[in-house]
Ligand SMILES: Nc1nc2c(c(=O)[nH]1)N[C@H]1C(S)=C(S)[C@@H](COP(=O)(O)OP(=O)(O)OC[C@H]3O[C@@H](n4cnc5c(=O)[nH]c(N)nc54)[C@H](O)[C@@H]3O)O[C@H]1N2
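Before any questions on binding or motion, here is one chain by itself as structure tokens, the form predicted alone.
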Amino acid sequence: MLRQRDGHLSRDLVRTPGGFGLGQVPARHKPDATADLVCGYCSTGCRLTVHLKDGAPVNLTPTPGYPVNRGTACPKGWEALTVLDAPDRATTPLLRDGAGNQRPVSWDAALGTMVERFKAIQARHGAGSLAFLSTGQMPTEEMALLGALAKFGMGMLHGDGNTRQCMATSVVAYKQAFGFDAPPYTYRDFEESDVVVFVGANPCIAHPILWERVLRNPHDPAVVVVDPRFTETAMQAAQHLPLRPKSDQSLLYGVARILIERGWVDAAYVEAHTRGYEAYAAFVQQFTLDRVAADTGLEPGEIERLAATIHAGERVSFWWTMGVNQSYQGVRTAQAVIDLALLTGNMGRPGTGANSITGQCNAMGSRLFSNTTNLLGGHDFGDAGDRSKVAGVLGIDPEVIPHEPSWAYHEIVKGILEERIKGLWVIATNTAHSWINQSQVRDVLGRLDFLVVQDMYASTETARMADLVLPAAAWGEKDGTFINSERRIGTIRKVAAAPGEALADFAIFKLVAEYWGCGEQFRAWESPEATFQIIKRLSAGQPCDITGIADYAMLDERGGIQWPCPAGGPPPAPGSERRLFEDGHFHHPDGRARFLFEDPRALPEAPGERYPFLLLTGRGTAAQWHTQTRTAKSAVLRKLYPDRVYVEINPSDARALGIRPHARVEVRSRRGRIRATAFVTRSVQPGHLFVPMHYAVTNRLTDAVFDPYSKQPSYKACAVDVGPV
């Protein structure tokens, strides 16, 4: 038993065979049994069955019959358990000493120091001098507790998540077009479309289980891929449009012009369910076939064929991911996709929709419940009524709720540079690797007075910079819920004890509350499942209302449940898949969706004499994930991707530069340089290079420019040079 100084937690914080756990030990399963968990990697939300022997996990298999993956898994899913036994797991708090070395300390010393240093920073520099950076990897309950603790308990004004790097564009696009962040689709739409259009998406690699659902489509759909690279998905498409990077906005407007000119518009749908069509139709007239061909580098016939394919389809679905989102003009590009779906009436019916595929396993949970850009439950920080409602649910004074959302991720980084933020709490993300223009952000992090990193590994680039490392439990070592891309809420379960003294993030947040002196405020948040009940009440009356979900058991019995699921309605059938806007009613006050548009802008950093190539970045293989913090732990996954950074280069460029296949080359940008192995391939066009995002050096090259609406980084295109080493 570990007794805290105020005594409140003496009954909750106990020593277990795996270390200290707050109200969570050991896993509640029979010695030889199984437990079903939603996978902790991508947003697909597959369910995996973990097999236990003597109470410990020994193997896993994909869960048969689950409506998402239907008994299948990608390589990452099959290897999900390997991340738990890695030798570099963080097992005890580490505090940097006077000599600059991280040394093991007790939890009491760690949290006492964290609170002392953070409170001293606030006293000296004000409440806005502390911030947190969180993740789309934690369960929803942990995100909500962190956001409430940081802003309502500790008085922080600013906190953002690494979902800013993947999904912020789609969030803003949906909010502005539909009135709420509401991805309208169900995965069944992959199997019910007769035309499937992917814009800046490579699901064959990034979301392989969803690509399998496309392959199961019985309608022999026409698959169209809009992407500068000849990706694995493009190789299997009926039509691939290899446009110039970031010219997709012009292409989409040009296609709209053709559809309007030829009368290929669902006029009845537009009239009944949208607003702004007349201005949109006038705007796209400037995107003539000649202009779009010049902007995109495509042949006029390819553009006309795309328009004809969309018109010929009775059930057309449009899908996008990071190729659209990670752009300096991503929001308006995503809305150009939405415009096409509205224009043609491809919304709310089976096999249709303007559909953003999310990145991380719980990015959707972060979007609604992390308390960063949205007040808890998809509410608005700037709305007094919303603040009053949330305060009533939580039993707090409305005045402790900030009146505006947090600074965005890059604004927090800028705030550190400007010495306005002096203390930072980083949870389950690896900023020093993944953030754009990596060399600059490492310099910025080094300027903090106190950096706390809470992670399952002590070896990440960010953890190695920390003044204090807090060891956290991993997926499979705690309970909670994830919300996947199609809005399906599913559970994760504790099947293993965390190593050493590592704790679930939920337990760490509860302890921080006690040490900070606001523990009583969060007494009702006694467990993840109790917190789920709080989240339900916060969602009441919102488009994401989930008050009709009784508990975790109901989620397990029904095969996950998509929001909305309000109380009083019929419970969804087991395994059901439900899309939004079937009645044509959207979430704006007038019930209508909006056509939104804007003139495309030039590349912020176009190729020139010194840097003549355009660098593209993205997913490398189905066996890699983000910064490889987890996937690199698996010997099996490491065999499925190159262990050394590589750069794709077109054969004509390689010949001109004297670069032979597999030669060592140097890639240079205005921000840094890296060495890589040349992979000579026609997958990239002449003048383009491609480097996977997963390698530690990649973001030395990328340019810190951002979409003005979503404030999402534009990772995908910057000017570089390349030459032999």
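Values in this document were obtained by computation on a predicted structure and should not be read as measured data. From 1 onward, residues are counted along the sequence shown.
Keep in mind the form predicted together with this ligand is missing from the figure; the text below concerns it.
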If you check in the predicted complex, do 255, 340 and 486 all have a non-hydrogen atom within 4.5 Å of this ligand? no
I'd like to know if residue 621 sits close to this ligand in the predicted complex, meaning any non-hydrogen atom pair within 4.5 angstroms. yes
Is the gap between residue 185 and this ligand in the predicted complex 4.5 Å or less for some heavy atom pair? no
Close approach of residue 698 to this ligand in the predicted complex, 4.5 Å, heavy atom: yes
State yes or no: in the predicted complex, is some non-hydrogen atom of residue 153 no more than 4.5 angstroms from a non-hydrogen atom of this ligand? no
With the partner omitted here, the residue among 130, 90, 195, 322 that in the predicted complex has a heavy atom within 4.5 Å of this ligand is 322
Contact residue in the predicted complex, from 531, 352, 231, 373 (heavy atom within 4.5 Å of this ligand): 231
Looking at 383 to 391, 258 to 266, 422 to 430, 493 to 501, which stretch has residues with any non-hydrogen atom within 4.5 Å of this ligand in the predicted complex? 422 to 430
Sequence order please: the residues of 216 to 255 with a heavy atom within 4.5 Å of this ligand in the predicted complex. 226, 227, 228, 229, 231, 243, 245, 246, 248
